[in-house]
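One chain comes next, on its own, written as structure tokens: the form predicted on its own.
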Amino acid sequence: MDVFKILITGVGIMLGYYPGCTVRAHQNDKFEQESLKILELLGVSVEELSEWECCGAIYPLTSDEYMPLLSSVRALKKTEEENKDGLLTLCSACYHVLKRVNNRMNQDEEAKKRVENYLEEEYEGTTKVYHLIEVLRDHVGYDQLKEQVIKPLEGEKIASYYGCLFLRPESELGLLDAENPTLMDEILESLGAETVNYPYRTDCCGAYHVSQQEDVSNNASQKIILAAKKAGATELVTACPLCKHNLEYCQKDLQEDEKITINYITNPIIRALGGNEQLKDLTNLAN
């Protein structure tokens, strides 16, 4: 690996980082650690906001309720105050909420006025919200990612699971084609993997039903896993902590030959770029 190449191919942006409660509470699964190391290796500078709080996890659907918007607006405004080029989150639920709140603050004058009155300060509306996979596509690029591959994932059949929070409503999120998303597949293909298309990859995994109606969540998640398995996948990747939990949890009721490995999208990236230890060494050398 040419370490100097890493130094000169940085993309030159500084993003504010919003960890969110779920990612920060499940640090043992290494999603945060792997994501930040990958971005550092690829030249994307990230700095956690000096203050942040829970986004609320669910976007409020009532048009005359403004309090649930406050925590997200504080994070968006903090990104402006700290002169970052955008706000990065790793959690699809946080991405969904932050982006929709940002849209509303830029399009709904009544909501903007009410929220700013509560906060007693103005939000200029300049922050752009990013998810990890969006940064890899738009600020790193598949070509640069491919250049850094040490161990191509040849022969690996990996299925992407997108879920719903990235995709809908498409008119507000605008990240992916809600009917035929390809972003994670394109990342995997740049790593040398064979991607697997299958039904239900944009269906909901059951989301928060897992806490009160477990059978609803399990049935939805098992349908996704069995479809991916039938299509020939040996691994399923997601970029959502809640989806990953549901997809793993529902497998307790499956036969051994029906189960499949569930990973974050960062896992195959780490493998292709040389494995955790080598990535750590390269990152240290690049500093």
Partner chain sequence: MRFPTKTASNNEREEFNDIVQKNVKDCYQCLKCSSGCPLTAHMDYYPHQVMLLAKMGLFDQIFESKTLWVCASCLACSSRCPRDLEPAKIMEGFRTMILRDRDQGNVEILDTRKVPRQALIASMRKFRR
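Numbering follows the first chain given and starts at 1. It should be emphasised that the depicted structure is a prediction, and the values quoted were computed from it without experimental measurement.
Form predicted in complex with its partner chain: not shown, discussed below.
This chain is displayed without its partner chain, yet in the predicted bound form the stretch 48-56 from 33-41, 48-56, 230-238, 253-261 comes within 4.5 Å of it by heavy atoms. Only one of 116, 80, 156, 203 lies close to its partner chain in the predicted bound form, with a heavy atom inside 4.5 Å, and it is 203.
Only one of 101, 165, 140, 133 comes within 4.5 Å of its partner chain in the predicted bound form through a heavy atom, and that residue is 165. Highlighted residues 25, 96 and 219: every one comes within 4.5 Å of its partner chain in the predicted bound form, counting any heavy atom. For the chain shown alone, residue 215 is a contact residue for its partner chain in the predicted bound form, at least one non-hydrogen atom being within 4.5 angstroms.
Although the partner is absent here, residue 174 sits far enough away that none of its heavy atoms falls within 4.5 Å of its partner chain in the predicted bound form. When contacts are judged by a 4.5 Å heavy atom cut-off, residue 91 counts as touching its partner chain in the predicted bound form. Among heavy atoms of residue 21, some come within 4.5 Å of its partner chain in the predicted bound form. Residues from 42-70 that approach its partner chain in the predicted bound form with a non-hydrogen atom closer than or equal to 4.5 Å are 54, 55, 56, 57, 58, 61, 62, 63, 64, 65, 68, in the order they occur in the chain.
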